[in-house]
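Shown next as structure tokens: one chain only, the form predicted on its own.
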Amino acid sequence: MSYIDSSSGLLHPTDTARWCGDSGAYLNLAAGRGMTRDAINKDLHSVWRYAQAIDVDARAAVSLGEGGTPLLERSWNGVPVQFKLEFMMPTGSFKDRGMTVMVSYLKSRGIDHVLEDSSGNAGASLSAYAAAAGMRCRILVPETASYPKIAQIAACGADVVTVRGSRQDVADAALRMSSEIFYASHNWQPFFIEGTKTLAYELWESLGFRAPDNVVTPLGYGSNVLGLDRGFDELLRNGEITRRPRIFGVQAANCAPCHAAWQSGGETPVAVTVKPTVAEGIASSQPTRLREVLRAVRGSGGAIAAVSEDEIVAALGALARMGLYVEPTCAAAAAGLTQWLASGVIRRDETTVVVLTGSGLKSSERIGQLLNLQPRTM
């Protein structure tokens, strides 16, 4: 396995941990070897049951039991849908799937102090896995991040620093600080995607060793889109599936750079107006791997949608009334599904998976305000 500089194409060995190339460009990983069903370690109930496909030594894995999340069939607008409950991870979000692999890799390369910027979930995940690995950790968060997420990060022993401004301002501050501490950004370090690709393997196994027709996921920086693309590509190359699913990404209309680039038909950023959104986890105005995200979605035959704040809140309430208490960010995925069902892009006779990425317990105060929840008095 090698790092590939996205700008120059130069290869770098993964023996030494990097987060960017010599040019400052982000890095990708060379194509993975993948695995076949007979190599699944059925004694493990975490993402490491697919260790044969993960290019990190599983004997040194830093694991909190992540993975194995439920796949629940329910009806959405009268259509049967499979909901993947990624919010039932150890730290309450899908980020644990990538973090276990990234932290395991970094620890194996001698990294003992890490830096990350996050709207909340990635920071909470890294702080937990860094604690499990015995690493020091600093997390930069927007000053508007929800307090439960900040408390979760701090409780694991991380040094939490709030930054004024937008989500992008937080990322820029982390880049400036990266000369002091190893920048373990899940948006830059490609071993995070090596972990999120196990979502594809888990869906494949849960569905009887076949691929779904469609996977719908919230889209910010795109680690789930890229993980799904990488995982299903490996399964296809190993003859375990005969076709790849369509990948659908959903953005908040108030911050939708991927959607704007998608509509333009190109692979380069398009100027967008950014406004505050309840979907804070996908409020990323300058996604690092925009080109790869667009290629993954287009290559799968999928699409990218932008949903309004009202659509997100409506989907949030509908999910809660089904017993699925999630944060507004992942309700955006269900709102996007509503659009695609109405237009006929996704059909009722297809197997469709909606990825629910984060727990509502991290945003309860905000959810109460959005849904105008008031208890009755007696």
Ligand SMILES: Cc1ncc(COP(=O)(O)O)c(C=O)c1O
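In this text, all values refer to a predicted model and were calculated from it rather than measured experimentally. So that there is no doubt, residue numbering starts at 1 and follows the sequence shown.
Separately, the form predicted in complex with the named molecule exists; it is not shown, and the next lines address it.
In plain terms, the part of the chain that comes close to the named molecule in the predicted bound form, with a heavy atom within 4.5 Å, is 214 to 222 out of 214 to 222, 297 to 305, 138 to 146, 73 to 81. Within 4.5 Å of the named molecule in the predicted bound form, a heavy atom is found for none of Leu64, Thr100 and Gly195. None of the heavy atoms of Gly249 is located within 4.5 Å of the named molecule in the predicted bound form. Contact check for Asn121: a heavy atom falls within 4.5 Å of the named molecule in the predicted bound form. Ile282 belongs to the set of residues with a heavy atom inside 4.5 Å of the named molecule in the predicted bound form. Looking at Phe94, you'd find a heavy atom of it within 4.5 angstroms of the named molecule in the predicted bound form.
Residues of 151 to 183 placing a heavy atom within 4.5 Å of the named molecule in the predicted bound form: none.
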